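Only one chain is shown below, in C-alpha cells, and it's the form predicted alone.
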Amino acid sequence: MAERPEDLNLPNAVITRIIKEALPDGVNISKEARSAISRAASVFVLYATSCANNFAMKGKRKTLNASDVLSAMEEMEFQRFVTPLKEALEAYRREQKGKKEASEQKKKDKDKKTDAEEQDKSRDEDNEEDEERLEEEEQNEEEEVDN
C-alpha cells in the first residue's frame, strides 16, 4: 500500500485532461475545483477497487476481473454506468482481438518471407554448386584433350 495519502491520488495531468474533455470550450476550472475532483476521483477508484476486491475474494481469486468491477458498480448503486462499461469492455476486447490477429498475420507473413528467402538461398547455393561442377568438368575435359 501507499505510504502517504498523496500517493493514492491520480496524476494531475490525467485529471486535467479528463476535465477539459468533459467541459465545453471556453469553460475554465479553478485549481481548488480541480484538486477536489482529483481527490474525489481517487476516493471513487479506491472504493470501487475495494468493492471489486470483495467480489474476487468471494470467488477465491486474487485477481480482479471485469465482472468484479461491474458487480462492484451495481453494489455501489451505479447501475446506470454498467451498460456503458460493458459496451466499452466489448469494444476494448474487439480492439485487442484485432491487434492480436494482426500480429499473428504479420508473424505468418514474416515466416513465409523467411521461408521464401531460405528457398532462394538454397537455390542459389545449388546453382553455385552446379556451376562449380560444370567448371570442373570443363577443366577435366580440357586436360583430357591436352593429354
Partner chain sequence: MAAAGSGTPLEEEGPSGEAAAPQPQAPTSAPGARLSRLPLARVKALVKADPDVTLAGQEAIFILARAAELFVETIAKDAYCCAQQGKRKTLQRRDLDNAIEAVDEFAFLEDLSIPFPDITVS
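Residue numbers count along the first chain shown, from 1. All values derive from a computational prediction rather than experimental measurement.
This next part talks about the form predicted in complex with the partner chain, which is not shown.
- Of the heavy atoms in D126, none are within 4.5 Å of the partner chain in the model of the complex.
- Though the partner is left out of this view, T114 does not reach within 4.5 Å of the partner chain in the model of the complex, counting heavy atoms only.
- Mapping the unseen interface onto this chain, Q119 falls outside it, with no heavy atom inside 4.5 Å of the partner chain in the model of the complex.
- In the model of the complex, the partner chain lies farther than 4.5 Å from every heavy atom of A102.
- Contacts with the partner chain in the model of the complex, taken as any heavy atom within 4.5 Å, map within 37-57 to I37, R39, A40, A41, S42, V43, F44, V45, L46, Y47, A48, T49, S50, N53.
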